[in-house]
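Heads up, the chain below is alone and in the form predicted on its own; it's given as structure tokens.
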Amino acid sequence: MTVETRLPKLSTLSLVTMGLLMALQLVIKSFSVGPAFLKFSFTFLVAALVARLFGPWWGMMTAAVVDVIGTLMSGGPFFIGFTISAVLGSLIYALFLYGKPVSWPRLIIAQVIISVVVNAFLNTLWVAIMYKTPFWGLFPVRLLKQVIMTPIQVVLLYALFKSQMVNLIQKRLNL
């Protein structure tokens, strides 16, 4: 058994679509809704879409690029941990969604793993390291936010993947 380690080839249309989705993610990244405690962004929708359409390798690569460019555009401090989190989130989405039918169990499991492991645990760890704050002082509040947001994210992902537009894009890309 051999494992394919090269990036899958992309058509010109796929490359352009991926670039547009990356640009969309950068634009969406600058907008968020809600109070500071429950600040909510829709970038996860685009990250999940890229992972679903193009698979783990391209999804992880675009997640890293979008994270680095987004940090540079915002003028905030760069920390490699958040790039690792973005890449892991994309990998998890791809493992559950790439080349597979969309289902509630797949979306729920993928989003719960991302919410708990990546968003609550790892991102809290990165914040604690960056700002020298106690991990256990931050973790409960950040975990509570994920408990509140995860069902909303699952419903939005399901609606996105069941939309006619996404189905049209998939057909157009011959995926």
Partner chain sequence: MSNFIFGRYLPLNSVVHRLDPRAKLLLSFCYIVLVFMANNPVSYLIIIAFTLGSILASKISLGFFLKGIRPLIWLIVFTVVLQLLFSPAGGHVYFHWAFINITQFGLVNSGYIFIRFLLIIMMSTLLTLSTQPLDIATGLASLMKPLRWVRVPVDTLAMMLSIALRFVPTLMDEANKIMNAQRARGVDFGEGGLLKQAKSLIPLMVPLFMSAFNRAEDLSTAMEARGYQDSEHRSQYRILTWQRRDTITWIIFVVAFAAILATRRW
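Predicted, not measured: the structure shown is a model, and the values here were computed from it. Residue numbers count along the first chain shown, from 1.
This next part talks about the form predicted together with the partner chain, which is not shown.
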(request) Classify V147 as contacting or not contacting the partner chain in the predicted complex by the rule of any non-hydrogen atom within 4.5 angstroms, answering yes or no. (result) no
(message) Is F121 near the partner chain? Define near as a heavy atom within 4.5 Å, in the predicted complex.
(response) no
(request) Answer with yes or no whether F79 is in contact with the partner chain in the predicted complex, where contact means some heavy atom within 4.5 Å. (result) yes
(request) Answer with yes or no whether L10 is in contact with the partner chain in the predicted complex, where contact means some heavy atom within 4.5 Å. (result) yes
(request) Kindly confirm or deny that L95, V117 and Y158 each have some heavy atom within 4.5 angstroms of the partner chain in the predicted complex. (result) no
(request) Just give me the residues of 127-146, first to last, that have a heavy atom within 4.5 Å of the partner chain in the predicted complex. (result) I129, M130, Y131, K132, T133, P134, G137, L138, V141
